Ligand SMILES: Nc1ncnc2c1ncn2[C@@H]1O[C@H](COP(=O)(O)OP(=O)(O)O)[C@@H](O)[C@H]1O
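Only one chain is included here, represented as structure tokens and corresponding to the form predicted on its own.
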């Protein structure tokens, strides 16, 4: 098991604020915060006692979150929810895999298929045809009852981290990619990328057998044995999650005030105080908002991979957790 990123930071910040931090001794992923007034708060990895339970549960459920956001006239991806064949039998629904495929045909391939409740890009597929569609659905529904089929949204992927009235971080996320040297295969380049993650202590494991990589390469008319030209860059995954090897460009100090207001407004509208908002944006975040879609909400955003960008980003993450713990002292 990889060491917990959050707990040591919380211990450091806790000492600075006069908060006693007691960690669960076996794994160190969960902790009790004893405030100076004797009150107790708790955390588990990056989940803290700050958001109300109902709002958190809605935010984690992609289907519900998109429904409520759309009702408030915020743009969300075009898509529909469907169910595993087994669950359809239980609830007497006709929204099974075949219905999902017909819907995908109606909005046009390629489409995104994802589980309704997973995070960090787990189980997210970009599929371009029937065989890949049903194979991906089968993979998802082996462990999830509900999955989404969505139209692909073009643009750049951004994560905003909001706490109450502040946007504390904003960064662009770029999918796992490799750069050719004119002689190495894509597989070799991916192995080199894995070594760089290990050096940076980014606890990421690239699965070279991941069919999402195979499918992405197939759509580019490439294989793992293909050799890229010198300087040729390709994205080998269709999603930009940092937990899957994506890279981040820190733009926290460049964000336009209108983007800040929008992110804070959405967070409050969803009943949250602490939130990671994922946007697909057509435009720049240092300019006024033009065209965007709210991809997902995360009421317990992971910041480990953002912190691995460098000393400045790690310090920013420490500030985020410090501000989060300070909210407990204010109550």
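Positions refer to the first chain, counted from 1. Remember, predicted model here, so these are calculated numbers, not experimental data.
Same protein, other form: the form predicted together with this ligand, not shown, and the subject of what follows.
No member of the trio 47, 164 and 167 reaches this ligand in the model of the complex with any non-hydrogen atom inside 4.5 Å. Contact check for residue 239: a heavy atom falls within 4.5 Å of this ligand in the model of the complex. This ligand in the model of the complex comes within 4.5 Å of no heavy atom belonging to residue 246. A residue is said to contact a partner when one of its heavy atoms sits within 4.5 Å of a partner heavy atom; residue 296 meets this definition for this ligand in the model of the complex. Remark: residue 62 counts among the residues lining this ligand in the model of the complex, judged by a heavy atom distance of 4.5 Å or less. Heavy atoms within 4.5 Å of this ligand in the model of the complex map, among the stretches 82-90, 227-235, 256-264, 153-161, onto 153-161 alone.
With the partner omitted from this view, the residue of 124, 178, 213, 127 that lies near this ligand in the model of the complex is 124 [heavy atom within 4.5 Å].
For the candidate set 252, 119, 194, 188, a heavy atom within 4.5 Å of this ligand in the model of the complex is found for exactly one residue, namely 119. For the partner-free chain shown, nothing in 181-214 comes within 4.5 angstroms of this ligand in the model of the complex, judged by any non-hydrogen atom.
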